[in-house]
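In structure tokens, one chain follows: the form predicted on its own.
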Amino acid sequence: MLATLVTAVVEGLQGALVRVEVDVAPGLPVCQIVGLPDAALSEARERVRGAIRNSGFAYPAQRITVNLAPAGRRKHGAAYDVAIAVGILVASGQVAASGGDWALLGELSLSGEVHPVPGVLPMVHTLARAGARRVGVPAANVAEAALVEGIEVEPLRGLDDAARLVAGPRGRRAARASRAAPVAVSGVIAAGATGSAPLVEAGPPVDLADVRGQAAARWGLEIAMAGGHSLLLVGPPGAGKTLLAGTIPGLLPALDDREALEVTVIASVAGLLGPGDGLRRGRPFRAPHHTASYAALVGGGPRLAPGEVSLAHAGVLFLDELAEFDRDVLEALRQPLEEGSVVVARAQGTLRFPAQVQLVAAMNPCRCGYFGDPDRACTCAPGDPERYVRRVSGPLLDRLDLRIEMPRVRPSELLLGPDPESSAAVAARIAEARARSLARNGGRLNARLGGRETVELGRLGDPARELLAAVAIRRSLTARGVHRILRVARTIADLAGRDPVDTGDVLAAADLRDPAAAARPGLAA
């Protein structure tokens, strides 16, 4: 007897429809899965056998063939377990399908419990677009599945729940009491549209009131957050670089509907959504260790999974100890910083992941950390500080809008200085500046403007234009450098509520981009 059910697979950040065909026929007892399954899927035979037996059903002692169509698409993961198990029950006559056309997702344990799987949101979205009207998902994935409108979602806690859905009220044989009553849910995101859902709360960020001193770094951070600019913090150990970066989540506004859906889909595919998590509203803040591999940062691996640069989409990617990262890993950031996406090409396929991130990095001036410190001598050998800094390539540095030097905070400033502003006060100014830029730039932050748009929307007066040209000549700036200075100057003006950009904004932006050049005679305009 043949049984056919519908499920889905994740390819990149998109779902794809999969048809599960199960044939149970006389012959030697064997179960074969075809259709390009991976190792985890091939092991479904043993999980399904144990789940069926421990859920009160009989595993048929016949020849079982499971075909996952289309056969040319590689299948991976354990999300097909429930559909395969129910297909075996239907094909063996233990469950009489009622024609309800349920799509099923979920991984089975040997006890018959249904475990959560990654990527439920894009998979359910694909099922809804394909015309499915009902889907059974693991109970822990119900919140994200319910974000898709126009499809009925039913929680599955065990295999018997899935069998009951497919059989209907009268179709199941050898019935067993349900483990839990059905839960009614309703979608809030239409297929291809957006909506709202509970906020996913993160741990409390550091408050700027806890960061004493470092006035220049605080101002640079405010500019960076207001315009979406990339930022590099350079200073000795203990200067407060990591502490300052920890305030970033408390300074950024919530995601809008489009961004929230994109971020939630990425988190779903990466398996980062916990039970009950709905639409994510907090901007991502990712801080991978400097030992992270190329695939971990950019994406890839056997399943072509998104990397840290995509997990930080619409948020901030913080790279502490920047010079300690492998050079190849850092060079891979050049594409997403410019294009807002990353292309992962491997033998098994090519995928494009969104990666519109704001890069914030921190590093020491040398390996020992004290090069240029007025109070502590550098212990590095001659030439080592220069070699250490050159671990970060010039092309990558050219893509950084702001470079802030952070000296050690004096004890008098730390203990006796005035109380600094809180994150709430600074976040309010950042929100106002972002609102100005979004309204003027057609919904984009200043850092995301193209070259021609930067010049058109920068709105420089003649004195500011002449000053920028002079600075570009004296500092041998690239075209990219000129545009980045102009974007930062535009953000400084937005924070001050000025229009057009004046000479002070241009000079401040130029000095923030290259503090060393500002200190050299004849280079400051």
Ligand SMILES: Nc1ncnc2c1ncn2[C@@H]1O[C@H](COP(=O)(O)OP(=O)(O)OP(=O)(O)O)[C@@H](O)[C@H]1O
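What you see is a predicted model, and the numbers here were worked out from it, not measured in a lab. In this text, residue numbers run from 1 along the sequence as written.
Separately, the form predicted together with the ligand exists; it is not shown, and the next lines address it.
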Can you work out whether Leu243 and the ligand are in contact in the predicted complex, taking contact to mean some heavy atom pair no more than 4.5 Å apart?
yes
Counting only non-hydrogen atoms and a 4.5 angstroms cut-off, does Asp210 reach the ligand in the predicted complex?
yes
Any chance Gln94 has a heavy atom within 4.5 Å of the ligand in the predicted complex?
no
Contact of Gln214 with the ligand in the predicted complex (heavy atom, 4.5 Å)
yes
With the partner absent here, would Pro236, Val409 and Leu414 each sit within 4.5 Å of the ligand in the predicted complex, counting heavy atoms only?
yes
Could you check which residue among Asp326, Glu321, Glu421, Asp373 gets a heavy atom within 4.5 Å of the ligand in the predicted complex?
Glu321
Using heavy atoms only and a 4.5 Å cut-off, determine which of Thr126, Asn364, Ser230, Gln356 is in contact with the ligand in the predicted complex.
Asn364
